[in-house]
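A single chain comes next, written as structure tokens; it is the form predicted on its own.
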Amino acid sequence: MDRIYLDYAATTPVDRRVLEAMQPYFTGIFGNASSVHAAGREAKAALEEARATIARSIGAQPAELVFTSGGTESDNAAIAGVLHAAPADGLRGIVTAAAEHHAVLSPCEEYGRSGHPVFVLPVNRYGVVEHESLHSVLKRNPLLVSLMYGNNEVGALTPLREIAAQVHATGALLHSDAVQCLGKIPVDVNELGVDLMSLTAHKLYGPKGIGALYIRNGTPWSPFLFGGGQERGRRPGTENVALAVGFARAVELGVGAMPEDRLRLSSMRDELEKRVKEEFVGVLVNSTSAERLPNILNVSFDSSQMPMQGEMLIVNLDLAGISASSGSACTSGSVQPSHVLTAMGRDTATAAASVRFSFGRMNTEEDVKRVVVVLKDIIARMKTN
């Protein structure tokens, strides 16, 4: 049985061309980028070239980019770094939203226990913060606002350009988790107006274990890890040159193919959305009216019309050769319904009966047809049991 992978928002396979770019740095060019001898200088040159490539893709300066172990570390570093740099008597509040990834919500919660005021804003039925609620909380003079650019579960896009003007008018800083966006939609830190931005490689056919944090020049920020002078003193530890090279190559390929990929992915997403709504009663498409990422479709089965055990639906899809998810890969092992969907107003039973299909390079229109056929069979069997 040929499997269909529809969980690209969780992770992607490493592109063959990315792997080829990385291979020399595991063996032949293996020097420590902090060493002053020839082997170290060669590694350092590759590291800085990778940094420049990634920075260029988002409109940043190379010195504004810090390599990390991935999106979660970047999110934590953004929040911790801003708080640590703040004067003791300065603005210390943090603003985020109920539909954020736990890599933002959890550190905010932790700092809340340490006495920092934390404001978690509601989202509308599309998964986006309303301007009015943000405007209201900005009157409390927070230090940092952290709102993701593209939601990892429903794909909704936050209007960062408009929000940045609101945030900066109060003197606060703006951080955005954009790990789902790079290579799928244009990402330019200057157009978006962000002060900090989190990125990762494994969402765009790069290696796992490496990400980056963009920190705009002049942004008050202090490191929260210590032990070495790497990354201009902002992130200690021996740099992983091979992964950085792979990250840069993945960005190069992803941004280069973005216009065509965006059209193809959104076409498959829209076709599956259309077919699912036609075939099944009680299907709710989450965030359908908002601006959204081209590759994510999240659907729920209305508990009042079609009671459904969401976990069993995912298991049955897997048994039929289709890899999908119930939401974030970081929480998919949990029996709790998606916090994103409940924040959007879905009742607990409906939120628990949800599936996220996320498309990628290897998917075809034939995959869409097969998913619909398989879903019809699974749902028919589940309704009779």
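One rule holds for the numbers: they count along the sequence shown, beginning at 1. All values reported here derive from a predicted model rather than from experimental measurement.
What follows is about the form predicted together with a small molecule, which we do not show.
In the predicted bound form, the small molecule lies farther than 4.5 Å from every heavy atom of residue 249.
With a 4.5 Å cutoff on heavy atoms, residue 180 counts as touching the small molecule in the predicted bound form. Contact annotation for residue 70: at least one heavy atom lies within 4.5 Å of the small molecule in the predicted bound form. Interface residue remark: residue 202 is counted as part of the site for the small molecule in the predicted bound form, having a heavy atom within 4.5 Å.
Only one of 123, 148, 173, 297 comes within 4.5 Å of the small molecule in the predicted bound form through a heavy atom, and that residue is 148.
Site annotation in the predicted bound form: the residue of 103, 215, 129, 144 reaching within 4.5 Å of the small molecule with a heavy atom is 103. With the small molecule omitted here, the record of contacts in the predicted bound form names 70-78 of 70-78, 298-306, 108-116, 263-271, defined by a heavy atom within 4.5 Å.
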